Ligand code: BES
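The chain below stands alone and is given as structure tokens, in the form predicted alone.
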């Protein structure tokens, strides 16, 4: 049997398996403990936004119209809100008056908005305004932006923060299309997770359409002094004028990544893939808002060394945006798949050795999380129990890295050719729907691991419902990292730091070197490394972060200025959390941590503030 015939046969078998499952085998699990909505009774399908942006008052105000499927058996529509001022609610195209009430406030969740409707109501219209402290919104003064002349606003709706700027059914299991009219100041540009402009509007009015159905956590808005630069036929980048050229260079391989992703797992279904570089306070590396990835400026290293983040957010266009976790207990279905897909894109574009380095670093991240959490803790399961908790608690390396290694293990067991055909069929069959862990495993057993022996050997339940990492994990080794370890050992044995061979080292080589160093370095050793490689002056955020962890742990006072600058110049939680945690554990550095935080706190996003407040016991 030749290779071509074998591949076609595999695809045909998967097609038959998909057909055999039937159209109605999967039913969306609406039992979302993080939403007040009752979508089995009435489920929102589309929303129309009309909002005015007031930078001075730090408020969005206006109207949202929600179109929903109504079973006709209920008299109430239940929505999610948090810190919203609901002013008026009407029904239908004619704005027929109705009544509403806000329920009791619940931690993390906000308040239910309960609207009285009739059996035939299919539209409600809500006039409202946001709170200046809305957790999804960050309002930046001109001084907090790259340009320093105009204010900036951006949203962060994941996981359950869409309800802080739009009354909605805020559950990942519910998909909507939307349109929007945004009125802002004419010197600013507005962009959304939708069809976007490439030039500023003279009157500050922008109209948007998102025709593909998305979950509410992908609702996104950014407004600032923005310019657009094309990256190719269907990709481009938005950024402030002083950043745009640097961003366009950094992301110049985006079209190659799109082509690589499509080659692997099928067509890109969102028309365009654009990126916006946000101000430094953005709390994440990236956010996969469809058609417009939100990205941190900390990935602008000048040498494309951190663009794996772009590959990751692009991969979400399949895993996450296209096939979405039905609730936050299934979060690994988004991030585990996406991390795996990211590595495959990077392998396709930059080669196997590059991907091997990423995989080794991924496993290091996973081991660190297991050590911190405890290898037997239930939060190390892929399928989580987040009831009564902030779903943000589940956004750890377990979902990303354990999920990634689970899929690598399945690939090894099935063989790459069959595995890729399976994943292609998975994305095709479940496109624009939500997915549960249970249904994924059912489809996996139906379409690929069809025998009990295969399922047992793959240890499916141990990976998904058990703690830690099963011993059948398909791990990677890196020849490049072996070279790094050899050079490190020479230095630890007494060789001069400037004699270490670092020619052609990428960011990943440096990360492995810094992560592999002993914890207890002397001041002379720290000084030698700093003098040889100018680590305290690195312009690469990942390298700087790894170095600063040693600065803190070893009380290297010549690095303190770099530490303070780093913590006060960006708000990416991935970097903030470990550094503040390390400072609070290091004798003599607690007061420094609190002093730096007192300066930086106002510039951090509410998501980062919540995390760091807890670490420092701020306000207690």
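Residue numbers count along the first chain shown, from 1. Just so it is clear, the model here is predicted, and its values are computed rather than measured.
Not pictured, yet referred to below: the form predicted together with the ligand.
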- Query: Honest question, do 158, 285 and 316 all end up within 4.5 Å of the ligand in the predicted complex by heavy atom distance?
  - Reply: yes
- Among 484-492, 225-233, 395-403, 131-139, the region lying within 4.5 Å of the ligand in the predicted complex by heavy atom distance: 395-403
- Heavy atom to heavy atom, is residue 335 within 4.5 Å of the ligand in the predicted complex? yes
- Query: Contact between residue 422 and the ligand in the predicted complex at 4.5 Å, heavy atoms?
  - Reply: no
- Determine whether any heavy atom of residue 331 comes within 4.5 Å of a heavy atom of the ligand in the predicted complex, and answer yes or no. yes
- Message: With a cut-off of 4.5 Å between heavy atoms, is residue 63 one of the residues that contacts the ligand in the predicted complex?
- Response: no
- Ok, 312, 78, 459, 509: which has a heavy atom sitting within 4.5 Å of the ligand in the predicted complex? 312
- Query: Of the options 594, 555, 574, 585, which one has a non-hydrogen atom that comes within 4.5 Å of the ligand in the predicted complex?
  - Reply: 574
